[in-house]
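Read the single chain below, which is given as structure tokens and is the form predicted alone.
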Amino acid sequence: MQNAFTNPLVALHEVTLSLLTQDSSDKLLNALLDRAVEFTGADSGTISILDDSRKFLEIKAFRGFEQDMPKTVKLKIGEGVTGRCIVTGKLRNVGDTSQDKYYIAVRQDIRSELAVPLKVGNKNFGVISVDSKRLDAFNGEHEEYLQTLADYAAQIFTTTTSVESLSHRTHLQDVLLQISGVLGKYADVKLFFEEVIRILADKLGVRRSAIYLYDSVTNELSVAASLNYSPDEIAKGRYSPGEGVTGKAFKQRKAIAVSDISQDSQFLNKTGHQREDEDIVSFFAAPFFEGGEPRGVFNMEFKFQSQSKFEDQSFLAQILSSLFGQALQIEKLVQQSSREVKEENIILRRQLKSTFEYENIVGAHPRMAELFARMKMAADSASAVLITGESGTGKELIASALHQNSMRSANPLVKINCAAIPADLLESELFGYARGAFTGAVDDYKGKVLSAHKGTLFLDEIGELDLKLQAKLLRVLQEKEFSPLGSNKVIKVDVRIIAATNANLEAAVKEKTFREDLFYRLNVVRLAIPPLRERTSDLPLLVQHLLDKICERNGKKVPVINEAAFQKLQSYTFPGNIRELENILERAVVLNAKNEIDVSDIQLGDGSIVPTAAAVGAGAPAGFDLRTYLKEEIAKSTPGEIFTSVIGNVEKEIIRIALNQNQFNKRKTAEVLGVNRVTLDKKIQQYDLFEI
């Protein structure tokens, strides 16, 4: 009865299962060699892969040899049985090594050797070979099995290597996104340098790194921030322009990458660092600039792993050096004393942080980065845009950003909420009317569409638009024309339409409540905003951004939010999204006399901290006393304005609570409050309760 290693079909099946479970190229090669040795009954074996120069074979896996064999044996192409195999690309079965003119004795007792090339298509990249102490140890069955195994494994090896490379690059992108998040955070650029180096060490395993700044007085580059540099090494690590790799990168104004510092004469190691391990170390030096002039050099060291990773790391060094140059520019602007320059500095910092901020929209989550990229591409086009997302996610802000970054920015951005105006009035509001069109129409009114001529028309809550008006809007999109109410005059108009909705328009089309042709006209470019609960990693950025905005608006100092309060926010799902987050933070700021926001200041849910009868009924916090609150509000109010200010505050909070409870659906909110939509919309404007 044949076992798995004498039956080639069974053995190949087991090999297939084994290879498919390997998650790295190193594990794959070792599993491959194990099976080859076991099946052929060999005494030893190796797998060799071409190095980056394609001149030598490097032993990546071995069996039956001394542990230091890979360091002592390095075959040239064409040298030995293995070297000939890679040159010819054909299998070699040597039954008697003493009679083979190419054979090189690696072990004195080897009498026969079988070598099979690893290749994809016509490209050879390695060799698998097995050896035996016996003469003529390998037969045709062994040849066939090893050839089949090598061909199959080569395909998997190539795929595994590609996946590893893709995973590595994705990880580098995540690290860059994290670093972008701290750009502009520190007024002192050296603190920024130290933060970046810490991230590189934690996330990428950078061994050593240093940031050198140029001193024009001493004409030297010296260490400003470092990783794994001793004080003595920092003192010694000074370079003149053109000296060593660091000095050359500075003088030549270009990045230099050294794959193996032990083999590169220009690497001076002036710090005198002693390396105890025997790993190949790669070194990268990239200059950074301010105002077009070189200001310093960024260095980092990695253990060499592969040529593709080496190239990725070289590109990373150049990107980081660019960020360091931007950080220097930020520091220079921050140091300016005039208010005008400070305001310009803030704008520049926002521009530099474009990888995680677009206009006034903040987010470092990959979905937000993707949204920003789509916005940048869509901004300058003339195509209609459909913005989708839950209430409170920031649809109006995105519409404003698209307009401000478009060729139409010098012309009007006209906004209208399709759900805020009754259907019988919305037509005249959108398309205007002619004098005498109805009672009270004493003059012509041009309407929102014509007001947006040469600019942008933003239609919020487009899903609430009446079918009759949908037809007129479709005419604007298709024919670029419309007729005012009560007029046969055709007006040509050049307007870009941006629409927004929190409704499922696809479902509305199926239900015949929204025109299919209009949907497809609006859905040319679609921007979907993720809800806050799906990008909670953005919470630190959003909290800081909103606190800055709230405190500026209220003339208050920005408080610190302690860990317990932040943890409470992180545990919440935010059904009202960013609008709800801003409301929570605003209450915490306005009703707080301290310079710190603690957990008791964070009131979640329906915001029932607000002292109104409605709030108490909806579940006010334990111990809350409405009478006490009103007394305090009256005591704080200006004489002569007590009634107006207190009642106004109560009315504002009632509307805020109702909006939050109904996720900013104005139709439902108006029904709950018992007011019409026009009144509700006016109150929202009066109290500045707009969507964030």
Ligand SMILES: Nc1ncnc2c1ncn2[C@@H]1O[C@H](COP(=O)(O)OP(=O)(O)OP(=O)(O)O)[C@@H](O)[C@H]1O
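This is a predicted model, so every value here is computed, not measured. Don't overthink the numbering: it's just position in the shown sequence, from 1.
We do not show the form predicted together with this ligand, though everything after this point is about it.
Heavy atoms of His403 never reach within 4.5 Å of this ligand in the predicted bound form, leaving it off the interface.
Put simply, Ile578 is close to this ligand in the predicted bound form: some heavy atom of it is within 4.5 Å. Among heavy atoms of His545, some come within 4.5 Å of this ligand in the predicted bound form. Put simply, Thr393 is close to this ligand in the predicted bound form: some heavy atom of it is within 4.5 Å. Checking Glu586, Asp598, Asp460, Glu195 against this ligand in the predicted bound form, a heavy atom within 4.5 Å turns up for just one residue: Asp460. When this ligand is considered in the predicted bound form, only one residue from Arg533, Lys236, Lys133, Lys549 comes within 4.5 Å through any heavy atom, namely Lys549.
Listed stretches are 215-223, 482-490, 505-513, 394-402; the contact stretch with this ligand in the predicted bound form is 394-402, by a heavy atom cutoff of 4.5 Å.
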